[in-house]
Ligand SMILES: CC(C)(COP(=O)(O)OP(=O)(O)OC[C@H]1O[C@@H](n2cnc3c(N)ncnc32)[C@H](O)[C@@H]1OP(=O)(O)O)[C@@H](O)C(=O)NCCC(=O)NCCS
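A lone chain, given as structure tokens: the form predicted alone.
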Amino acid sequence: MGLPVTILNTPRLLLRPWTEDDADDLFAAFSDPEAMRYWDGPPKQSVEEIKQDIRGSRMAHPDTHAGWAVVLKDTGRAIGFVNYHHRDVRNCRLEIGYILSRAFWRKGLMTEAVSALLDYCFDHLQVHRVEATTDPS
């Protein structure tokens, strides 16, 4: 198993390690073709596919990858996901990814979540460069 992932707090959100218990809530984001438009794979067809991704993510070593469920503090519901991946410790760089259920778009929630993630990456992981790639096809 990977090492523990730090819990991150923002005014409205809790970013905590995602678990298989989050799969049902996250299905809204990961099965939505519009939300998945810039993700590096097709929309998920089942909750089990998301659980498989969660298991794989949690097995990764935090030197290269870590993932967080984006949870609304007022409801405890997982509404999205953020991660870093392809971390290159030697060159102080990594890539980030994020997705949010469409019902929560345009509320500044992902800006809040990604800001917390970036602060963590710069302050605790000592990265100097962060990249995010989209697939416009």
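Don't overthink the numbering: it's just position in the shown sequence, from 1. Values in this document were obtained by computation on a predicted structure and should not be read as measured data.
From this point on, the text means the form predicted together with the named molecule, which you will not see here.
The partner is absent here; in the predicted bound form, the one residue of Ala35, Val47, Cys92, Leu72 having a heavy atom within 4.5 Å of the named molecule is Ala35. For the three marked residues, Thr6, Tyr84 and Tyr120, no heavy atom of any sits within 4.5 Å of the named molecule in the predicted bound form. Put simply, Ala78 is far from the named molecule in the predicted bound form: not one heavy atom of it is within 4.5 Å. In the predicted bound form, Met110 approaches the named molecule with a heavy atom inside 4.5 Å. Proximity of Tyr98 to the named molecule in the predicted bound form: non-hydrogen atoms within 4.5 Å are present. When contacts are judged by a 4.5 Å heavy atom cut-off, Trp39 counts as touching the named molecule in the predicted bound form.
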